[in-house]
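Single chain ahead, by itself, as structure tokens, in the form predicted alone.
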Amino acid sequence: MAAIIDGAALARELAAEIAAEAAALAGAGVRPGLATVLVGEDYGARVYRRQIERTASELGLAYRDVTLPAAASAAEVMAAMRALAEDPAIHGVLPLRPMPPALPEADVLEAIAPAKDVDCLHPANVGRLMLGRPVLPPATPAACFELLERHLAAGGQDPRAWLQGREVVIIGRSNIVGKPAYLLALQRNATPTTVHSYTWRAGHLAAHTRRADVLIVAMGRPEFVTAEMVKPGAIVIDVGINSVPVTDAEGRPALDDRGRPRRRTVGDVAFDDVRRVAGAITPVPGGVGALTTVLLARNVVRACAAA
């Protein structure tokens, strides 16, 4: 039975360290400041915004919410981005996605001041990541490797030595998780492979995943990865967050006290099934997602210290 990698516990541990660093900066007269830019009413983006606000408050960061209507023009959004780029009280700027389809997302991301880009979204910082140059790492992929390396260290392994040459297979090629996770693996001298929907359609997905020493899953399909797709003893990092209906023993929707369909949160990995064969696994919730906003806050503190 796989060990559970507890992201919530690590988040609490790192939060204490980050809060102390933020307090030291505030004591020196500079309070780290983070701003999010939300355009429209996307549910996922609003949930993430609330999580960021709560984390910022708990860690002693100044937080500013810039919310614009879905009908906001590109000029209005760009004006808000420029104002944040020029504001000395703001050290980190995060545009929340998805944005309304009519907005030129690439232009919005390029409007982030590179020194305030705390999720590695600006093309210049993506280029630095590609070249292995110093950069504030994207929070979600960084959370994957933070959990992996802390787990290895807790087991008496040297994480960097252990990862050298290891097969790291990443399911998903998004700009947010899949691609940067590939680069972070490569920086650690691992042997990364990216697989995606076309790999699956070609019938080759499981052939790749079954050879992975580390399997990072970020594909957005609930409980897609099953035990037969996983190498025995592999470390499985589940990035997915999906809401699915709860059903009873006969497959009928389960209802709450008000007669509404009940739902539960699951990852992209069939947790109970995969746990039978994996060596270690992150849960959902309580895994990667629990750590992401804390690492985002750490990037804000680092950006403030470097300003």
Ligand SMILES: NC(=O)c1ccc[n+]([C@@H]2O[C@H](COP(=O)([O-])OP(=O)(O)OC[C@H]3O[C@@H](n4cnc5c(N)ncnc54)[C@H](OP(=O)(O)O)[C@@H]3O)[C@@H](O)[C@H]2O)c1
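Since the structure is predicted, the reported quantities are computational estimates derived from the model, not experimental observations. One-based numbering along the sequence shown.
Unshown form predicted together with the ligand; subsequent notes refer to it.
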Does any heavy atom of I241 come within 4.5 Å of a heavy atom of the ligand in the model of the complex? yes
Exercise: S174 in contact with the ligand in the model of the complex, heavy atom 4.5 Å: yes
Give a yes or no for A297: in the model of the complex, does one of its heavy atoms lie within 4.5 Å of a heavy atom belonging to the ligand? no
Closest heavy atom of R211 to the ligand in the model of the complex, within 4.5 Å or not? no
Using a 4.5 Å cut on heavy atoms, which of H196, R160, R82, H204 is close to the ligand in the model of the complex? H196
Going by heavy atom distances of 4.5 angstroms or less, which of A234, A218, V169, L184 would be at the interface with the ligand in the model of the complex? A218
Among 176-184, 148-156, 85-93, 67-75, which stretch sits within 4.5 Å of the ligand in the model of the complex, heavy atoms only? 176-184
Could you pull out the residues of 111-143 that have any heavy atom within 4.5 Å of the ligand in the model of the complex? T140
